[in-house]
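Quick heads-up: it's one chain on its own, the form predicted on its own, in structure tokens.
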Amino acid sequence: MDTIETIMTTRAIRRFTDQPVTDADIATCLQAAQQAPSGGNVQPQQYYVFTESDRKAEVARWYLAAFDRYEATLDVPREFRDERARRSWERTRDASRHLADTLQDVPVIVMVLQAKIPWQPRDEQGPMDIGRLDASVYPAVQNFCVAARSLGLGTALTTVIRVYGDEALAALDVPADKFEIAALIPVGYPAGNFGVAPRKPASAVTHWNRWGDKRR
């Protein structure tokens, strides 16, 4: 696929068919993920791939518990900009609920782990903010998702499982003192179509040379 088209149509997919996903395709996406930039080339990520039913069910159990708790905090907007915005919000809400209820049935689940390592340097003037360590992890997540899209596979970057992150890691035999969950990515063939997601236009959030100078 054309690179720009692939990026533009890599949107969150939360409904999947039961068509199997090959290990080879997942390996290709992981190789793409590993080519992402990493601060100091530290590469703090690990990937945990789930394809077996009982293992996926364990991940899904913690994801559902986290989503139920999270969903209860969400407010329903009282007003929408227009009918299209209302329908978009409802589709996202329903698709998110669907994923939480059916995650165990998704062909592949990829958990991206981030190492808990010292990252902030300091000198005689004090600590230095050189950016967050997860800035070296999420580019890998996006590479994975874009690579999957190029193969016709749908994905979604989810983080809600972090509500019970330590408990989920313990259930999956991951030392929670050494790793945290950066992202959870369901992978499968979409039950629907790819497309360009509704976003603010780049011109609305871009400043040229001076703050407030927007070329619309």
Ligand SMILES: Cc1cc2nc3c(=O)[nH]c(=O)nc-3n(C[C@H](O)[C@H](O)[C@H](O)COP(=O)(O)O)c2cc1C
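Residue positions are given as counts along the sequence shown, with the first one as 1. Keep in mind the model is a prediction, meaning the values are calculated, not measured.
The form predicted together with this ligand is left out here; the points below concern that form.
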> Is Thr102 a contact residue for this ligand in the predicted complex, using a 4.5 Å heavy atom cut-off?
Replying inline: no
> Given that the partner is absent here, does Thr92 sit within 4.5 Å of this ligand in the predicted complex, heavy atoms only?
Replying inline: yes
> Is there a heavy atom of Ala197 no more than 4.5 Å from a heavy atom of this ligand in the predicted complex?
Replying inline: yes
> Heavy atoms within 4.5 Å of this ligand in the predicted complex: does Ser96 have any?
Replying inline: yes
>> I need the one stretch from 34 to 42, 54 to 62, 167 to 175, 153 to 161 whose residues put non-hydrogen atoms within 4.5 angstroms of this ligand in the predicted complex.
In response: 153 to 161
>> Where, within 1 to 39, is there a heavy atom within 4.5 Å of this ligand in the predicted complex? Residue list please.
In response: Arg11, Ala12, Arg14
